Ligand code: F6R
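First, one chain by itself in structure tokens, the form predicted on its own.
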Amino acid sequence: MGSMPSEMLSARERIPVSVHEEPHDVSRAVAREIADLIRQREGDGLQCVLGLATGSTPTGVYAELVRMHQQEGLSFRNVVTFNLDEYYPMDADAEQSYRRFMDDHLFDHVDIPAGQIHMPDGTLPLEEVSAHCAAYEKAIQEAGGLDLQLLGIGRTGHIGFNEPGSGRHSVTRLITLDNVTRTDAAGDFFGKHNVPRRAITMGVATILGARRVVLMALGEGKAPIVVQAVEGDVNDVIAASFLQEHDNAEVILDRAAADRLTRYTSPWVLGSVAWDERVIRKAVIWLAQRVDKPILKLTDEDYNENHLQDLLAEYGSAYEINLRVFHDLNGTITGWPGGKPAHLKLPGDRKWPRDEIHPKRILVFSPHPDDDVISMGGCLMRLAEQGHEVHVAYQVSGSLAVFDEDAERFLEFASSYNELFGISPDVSGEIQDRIAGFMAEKRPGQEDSDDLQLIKREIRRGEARAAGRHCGIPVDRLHFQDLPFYDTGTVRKKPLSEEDILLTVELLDRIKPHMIFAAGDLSDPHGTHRVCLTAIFEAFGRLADHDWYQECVVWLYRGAWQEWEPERIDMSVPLSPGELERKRMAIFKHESQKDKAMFPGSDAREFWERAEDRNRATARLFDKLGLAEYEAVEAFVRWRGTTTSL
């Protein structure tokens, strides 16, 4: 879309914003700034005082700093650190402890002296917390103040744990966590009921006291709160908005997190843009929604009065632009997602990729054992009904999303089954007792035993088989990859490995699909979906010279929370009321996931409700734009070889 002059952006963006295409670009940029500051302060014979953050967002920064230390000689001997926050109460060695997080990701891998590390103490008796907070503030001042404070941002707009209502002059203190924050942390604690209700956090004033503040945000899930913090008014409901009052603050985003900024949602409001096909479609859909008209009813006046004079001048008339976008968007709609057989084609039917092959071998990658039916269940059933050889690859076991009580119910069934059919309990009874004993003594967030992981994995497999049968997929075409990066027994995963990639390469080369569907949901830049997608892309690179791959078509679907923006959609599969009902029943087969509203990024509704709301919202949008009226629509984007093409 081209770059906007800084004076135009500043009219909307009240904090300086830098946008990088990918998360790793953001991490490297921030790590380089920190490394340069450390070296500069060392050259001046001074300590470098850093305020550090935890969570998934800065992990890439810490990984890059560790690499610089190990490969480039970056020393941390002159670094003093103060961490933003810690849950309360929280043992320092607990899986969810921020002290353990920092040790695992940074401190244990660099040469920082232990006495120069400062963390809020979540182990203190309540009556000592206030004095500890005052001492923490004093220690920051005695160190000379923070040279640089690194921040992430929560869905409530919190920085640190400064929840809505935190004032401009707040300092380090004990705070009660917002319900949304506790919901987002539920996955780390194996259930919201295990998440602490309080935390110790630096205050807004403490953060603003830093000489330099860098706020990072990654992934489209952060986009709604980022735009409020950057373009909205300063207010104590969104603590991050106070950064507008800092004279050396910067927000550094990946492209997904920046997606709601005006420079991307409606750049024509800020100035001239380059009018390519996607931008034209985006502008016309935006205009139709803004003036509440179908596309074909937009007038020259609508374009002129709503910042689109340049588009109108370039293409001559609203009539021509309207027809162009209407036919383009209408052409994405098909009831034949695998392509229509030649003998059924009608004059004027759109040609779809690989139409000449029917039936096709189709491989659907599902990160978890339920993403296939949640995100594209209607399309999945349509593909099976239309005679294609459909395979589904469940990339991870999904065992971490099974609660202990579901495993306990499974064990009780196994015991009753043995008793019912007179099967000796000599072996099975010992296993059941061992697992039951472990669960009875298990601490919140503790790693599952190997036995318990196997039980939970089998629960997810059984549910996936039931959903697959419901969709018309034979069980022998369901592939459980169990990629090793996932199965750690804890929320913290291993990095993507060569083994993960080779398992993906082997499956692809064995099936040799004509068409692939994969989850392109990038809401969490460090989450399972992104890692699974990276494994697929890495596998594609290994297979680039294979004839079958060079002819393969790749479609990307979204997860349960968000749909592709309409200007990006390349294929829209409409669903009838009956098909939507069948999709719901397929989701219901995943019974152990009925309580997933307790996991990160979710709201109070079940997955099936969110999926249906999303599909119906797409159908309503099409209807308002003047296209055919459907009950629901599943949308897909064609992958054209690069992540930037998303």
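Throughout, we count residues from 1 along the sequence that is shown. In this text the structure is predicted, and so the values were computed from the model without any measurement.
Form predicted together with the named molecule: not shown, discussed below.
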Three-residue site 57, 84 and 154 fully in contact with the named molecule in the model of the complex at 4.5 Å by heavy atom
yes
Under a 4.5 Å heavy atom criterion, is residue 53 part of the interface with the named molecule in the model of the complex?
yes
Using heavy atoms and a 4.5 Å limit, would one call residue 160 a contact residue for the named molecule in the model of the complex?
yes
Though only this chain appears here, would residue 486 touch the named molecule in the model of the complex if you measure heavy atom gaps against 4.5 Å?
no
Can you work out whether residue 564 and the named molecule are in contact in the model of the complex, taking contact to mean some heavy atom pair no more than 4.5 Å apart?
no
Tell me which of 241-249, 160-168, 290-298, 431-439 has residues with heavy atoms within 4.5 angstroms of the named molecule in the model of the complex?
160-168
Please pick, from 190, 268, 76, 98, the one residue with any non-hydrogen atom lying within 4.5 angstroms of the named molecule in the model of the complex.
98
Along 202-223, which positions have a non-hydrogen atom within 4.5 Å of the named molecule in the model of the complex?
222
